[in-house]
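Single chain ahead, by itself, as structure tokens, in the form predicted on its own.
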């Protein structure tokens, strides 16, 4: 007989509720969970094909080990023994920094990944930690770390209550939200307009979100920081600055910021941005005079040379217009789980060996991983462990990294596929199916536009002969510490739990600061794995039962009794409580940010450095020369590089095309459906042309995450529709200097018929 299971979708940040119909262990139907407290039945194309993700015939179910140059199936014992034979030897001979780690995006969609990757990284004792964050969102973490003292204290738009939402470099109707967890964003954006609110989208492309906005401003790529600076300059000129009342006296450095930004007038920067000066002024006025308004910036603002400045200025504008930490503005979520109070934020606690790039949030920029592998000397990376990552396709200068990884002494990949990266592996360790593990969104509940809590138990019983992912990660950690398999993972898990309990009690702001750790351990029971750790975090959290302090409070048992989730209410003002700066204030003028404004000012076109008349309009942006500017794009039916092997998503559409404006196509002799050669300073590729007036002239667009036709990739659907790797065109030496984030947007390219 068919059975039904309720589960949170783990495929993107929206965290939609799914209603799964199963025949035995096979998903036969997927519907949106109409009773989910957050998503209310919404479902996107990816979620609708959750069963195809789970039952992909190319998905690995047993480990692979390289023997005589070939990746062959092996037992778990053989795979672990192979790692134990080589990893400690590399550490002993070359030092701990000779082993690097790369953490991919899916880790934050996975409860075990969120709870057990950190013990692995600590056990490796390496400074060469890299992740997808530095090709995505690191500037926002650095910006919020400096402003609020906590890189995870990221304000999100209060979409359901705002009357004006200004979106820069984001396409939430396609992405389903990013650093903003909000199921059914299309419906929420429609509701914004239906209640009389306005949506303004600032993007070089008329995206699906821009097409349904009240206004679309086709900015030139990479100039978002200039635009936001001009908004602040207008607020200064027209005396429109008004901080929220409860933040009065809580802001340090405002005079310095205003003094530095008043130079960036709309008249000066408009031609460089490709916009009309008066339109920038109107935008500033609208933000200042609309009672509930918010600015939201995403990937287009972070993956550029001024990513940190743009991220900082988003929050500066929200603050100065009175829309930070207030209803309908940019607000701080209050998730259900306990978050240990952080020390005040710092960057540069160590630097990369070759290029001297600074650490941020415990990791180094992945753009320098190639250099660390290929440059001889003490600390040269000789082994790499990837967890749910495909850096050959997702990081800059992909061909160089591909060649570097092929020459490593050891590559271990925790991955369910043989991908462009794991095809080089010495060992591949496949994690279990998502149906076989519990799910709770620790990361995304801390970015949600409403405070909610959803837990999903395993749908299918785990195979007793296959380690769960937490066991896999703890085994790798034990091997890194010199232990020989088989590993007592239950004992290792008990050690991790004890550390977590001690950490909660040691936090002077925690509700459990006076509890006896042994009593807490006894109350949590003997069950191993992530459920026990999650129960601790929920019961210690702001809504938790406090192990008896509040009998009606939250616990894992309570969540199990509410399979559709528990609604904890709308966002509330959280400052100054959420601040973690040493001063206890919002530090509006970090020295590195203020200093970088000089570099930003150098981007203003010399002819307009002296302010242009207010009536001056921007040029049309037509590209008369050979160089065009490349930007990325997202598609509703893809999710980075890890959804391309699902036949139902790829069916009937060619998703990886080079989009360009008709005028640019005509002057280059390119036609729709033809083939173009795209060349940058780092490489070239050939790709199918798609002519569209959705892009402003002079700008071309290519999606990321493709390029699956490399020898050895074992993904049937992806290889049949491989696309091209856009990161062949990106330069690993092009970075946002403050955060070290890779520059993946605004790439100068030449485009010609192939």
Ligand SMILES: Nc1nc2c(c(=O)[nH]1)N[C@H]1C(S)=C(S)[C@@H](COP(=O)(O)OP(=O)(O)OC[C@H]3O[C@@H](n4cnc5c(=O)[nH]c(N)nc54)[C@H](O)[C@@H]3O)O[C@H]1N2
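All figures in this text were calculated on a predicted structure; none of them were measured in a lab. Numbering follows the first chain given and starts at 1.
Separately, the form predicted in complex with this ligand exists; it is not shown, and the next lines address it.
With the partner left out here, this ligand still marks one of 576 to 584, 134 to 142, 87 to 95, 475 to 483 in the model of the complex; by a 4.5 Å heavy atom cut-off that stretch is 134 to 142. In the model of the complex, residue 150 stays away from this ligand, with no heavy atom inside 4.5 Å. In the model of the complex, this ligand sits within 4.5 Å of a heavy atom belonging to residue 704. This ligand is not shown here, and in the model of the complex it never comes within 4.5 Å of any heavy atom of residue 281.
Residue contact with this ligand in the model of the complex: residue 221 places a heavy atom within 4.5 Å of it. Of the residues given (414, 449, 373, 646), 414 alone sits with a heavy atom within 4.5 Å of this ligand in the model of the complex. For the residues 543, 102, 345, 593, the 4.5 Å heavy atom test against this ligand in the model of the complex is passed only by 102. Using a 4.5 Å cut-off to this ligand in the model of the complex, not one of 21, 114 and 334 places a heavy atom inside that distance. In sequence order, 298, 299, 300, 304 are the residues of 285 to 318 having a heavy atom within 4.5 Å of this ligand in the model of the complex; the partner itself is omitted from this view.
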